[in-house]
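Below you'll find only one chain, the form predicted on its own, shown as C-alpha cells.
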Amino acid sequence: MLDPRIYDVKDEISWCPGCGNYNILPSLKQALAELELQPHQVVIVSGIGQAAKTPHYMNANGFNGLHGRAVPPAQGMKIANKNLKVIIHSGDGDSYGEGGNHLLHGIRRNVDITHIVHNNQIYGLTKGQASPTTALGQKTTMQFDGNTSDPISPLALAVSIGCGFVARAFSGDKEHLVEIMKEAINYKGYALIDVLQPCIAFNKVNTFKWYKDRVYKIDDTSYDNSDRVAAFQKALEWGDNGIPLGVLYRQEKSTYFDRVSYLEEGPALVDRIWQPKDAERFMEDFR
C-alpha cells in the first residue's frame, strides 16, 4: 500500500472545526493509497461549495469549476484520457441543485467516473439556505418560516434512472467510507456515493448525533444489491426508521467507452498522434 501522505499539501484548510469534510478528505487519501494510485493517475473535479474545496487540499490533478458544473469537465477529462481515475467531490446543492441536470445525463451517458457527494442537507458555503435535501418545514437562515419544498431522495432518483453503482456512507465511519470509496473507484461506469456529514455552522438539525443515531449498515448476507426494486425501496428509507449505509445498488452495464468504439480501441485520445490528413474523412461530409 502507498503512504496516504503522498496526497498531503501544505495549504491551510478553511473548513469549520468539526465539519464532516475533515473525515472525508483523509478517507479519500486512504482509499487512493490502498488502491495504489499515484497522484498523477488521479484527478479531483469539483464545482463550487465547501465540499468543492477538496481539490485544493489534495496533491493530485485538480479542477475547480463553476457552481453545479462538475460533471461535464469530469466527463471530458475521462473521455480524453481513459487512464485517469476521475473523481468528483461536490456538495448536495452543487450536485443535486445547480448540477441536477448534469447528474441525470451523466448517469445516462455512463462515463467511468466516481461522483462523491458531501451531503450535509444545507448550503454551507452560501450561509445556510435550504438545499435539495433539506427537510420540509426545516427552518434555515433564509427560510425563516421553514423550507416549503419537498426534499429529493437522491439515491432513489439514481436507482430509478439506471445508475449502475449507488451507495451511501457516513463521514463518522471512516473505515466503512474508505471501503465504499474503493469499490466505487474500481467500478466501471458512473458511480454515485452520497456521504452524510454534519454542517456544524448552519444545520442544527442534522447533526453528527442525529446521523449517528439513525444510520445502519446493510447486511450484505441477506440483501441483494443487484435487485433494482429492492434497491429503490431501500433508498427510500430515511429518518427515525433508519438510514441504510452501503452499496444499495450495483449492476454491471456497458459504459460510454463500450458504446463508442473509437474510444475503446487504441490508446487514450491524449496519447494519439494526429495529423491534418486524419480529419479529411470527417470534413468530406461538409463539402
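A residue's number is simply how far along the shown sequence it sits, counting from 1. All figures in this text were calculated on a predicted structure; none of them were measured in a lab.
Unshown form predicted together with another copy of the chain; subsequent notes refer to it.
Which one, 213-221, 168-176, 181-189, 127-135, holds residues whose non-hydrogen atoms are within 4.5 Å of another copy of the chain in the predicted complex?
Selected range: 127-135.
Is there a non-hydrogen atom of residue 159 within 4.5 angstroms of a non-hydrogen atom of another copy of the chain in the predicted complex?
So residue 159 counts as contacting another copy of the chain.
Looking at the partner-bound form in the predicted complex, is residue 251 within 4.5 Å of another copy of the chain by any heavy atom?
No, residue 251 sits far enough from another copy of the chain in the predicted complex that none of its heavy atoms falls within 4.5 Å.
4.5 Å heavy atom contact, residue 205 and another copy of the chain in the predicted complex
Because no heavy atom of residue 205 falls inside 4.5 Å of another copy of the chain in the predicted complex, the answer is no.
Quick check on residue 108: any heavy atom within 4.5 Å of another copy of the chain in the predicted complex?
Yes.
Contacts with another copy of the chain in the predicted complex - residues in 221-237 whose heavy atoms fall within 4.5 Å
The stretch 221-237, when checked against another copy of the chain in the predicted complex, contributes 228, 229, 232, 233, 236 at the 4.5 Å heavy-atom cut-off.
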